[in-house]
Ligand SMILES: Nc1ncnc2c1ncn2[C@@H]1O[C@H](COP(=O)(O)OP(=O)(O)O)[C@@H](O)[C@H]1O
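So this first bit is one chain, no partners, the form predicted on its own, shown in structure tokens.
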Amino acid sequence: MTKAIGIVSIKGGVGKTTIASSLAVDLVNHYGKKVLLVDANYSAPNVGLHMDIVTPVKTIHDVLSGKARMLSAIHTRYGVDVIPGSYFFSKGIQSMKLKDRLASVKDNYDFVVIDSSPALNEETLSAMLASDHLFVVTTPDYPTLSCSLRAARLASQRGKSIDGIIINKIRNPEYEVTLDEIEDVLELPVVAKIPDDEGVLKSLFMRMPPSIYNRKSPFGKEINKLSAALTNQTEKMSWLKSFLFGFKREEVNRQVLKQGFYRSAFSS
């Protein structure tokens, strides 16, 4: 059964699109899944640049304005089917029809990854409503955490639950909000802790998602662990380290996430 995964944030600069594109590529290239990546950031689309699709012929804007079918807007890069956005499209789209338009192709995939707008608006809502599962991306600072709380509340108001929090760009924990504090404030589990990684800048310059540019980088390893949970696979970890120091909170949360993902799929 296809799982539509929305990657959301109510603040720009947290690495949401980097995570969405990297997750899509990792699911395909390391777990053999068929994945569609959709740019639902209609005002400022960037998925195409992350996936080396600089001049798309048809885009999600054409689809949502009634000028093209979903199939004609699909471009393939790094094994992923991608529906990018238009950098020059101004207006006339019906963003709330995203879920209906996706229905025509959704069953062709194991996963649909949706990159949303970094704003509390109709664009973000359209991505949330089109998703079966939601993950909020935040950085470990108080301003971004307050925005993440707003995203969680919007989802709740619309009857959508959030499966987990992805903490990105961890630099100096001494001056950052802790995992415990984030979980206490948002009342949601943290499922990935991604350190700030210089390799991400290099991969973006190459227009290549970090998870395929360098799978063994700190960023790539953490994305791969999340992919393992989403695909019901065993996460690679050091059992000696786990034995000596115990499991990290995010590792336990990913196991709970995996069980919930596949329990709900089986029951449906």
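Start at 1 with the first residue shown and count on from there. Computed from a predicted model, the values in this text were never measured in an experiment.
One more form of this protein exists, namely the form predicted in complex with this ligand; it is left out here, but the text below deals with it.
- Interface membership of R254, defined by any non-hydrogen atom within 4.5 Å of this ligand in the model of the complex, is ruled out.
- Of the heavy atoms in P195, some are within 4.5 Å of this ligand in the model of the complex.
- Shown alone here, L201 lies within 4.5 Å of this ligand in the model of the complex, counting heavy atoms only.
- Residue contact with this ligand in the model of the complex: G260 places no heavy atom within 4.5 Å of it.
- Taken together, the three residues G13, T17 and H50 all come within 4.5 Å of this ligand in the model of the complex, as judged by their closest heavy atom.
- Residues placing heavy atoms within 4.5 Å of this ligand in the model of the complex fall in a single listed stretch, namely 167-175, out of 167-175, 120-128, 141-149, 91-99.
- If you take 209-228 and check each residue for a heavy atom within 4.5 Å of this ligand in the model of the complex, you get just F219.
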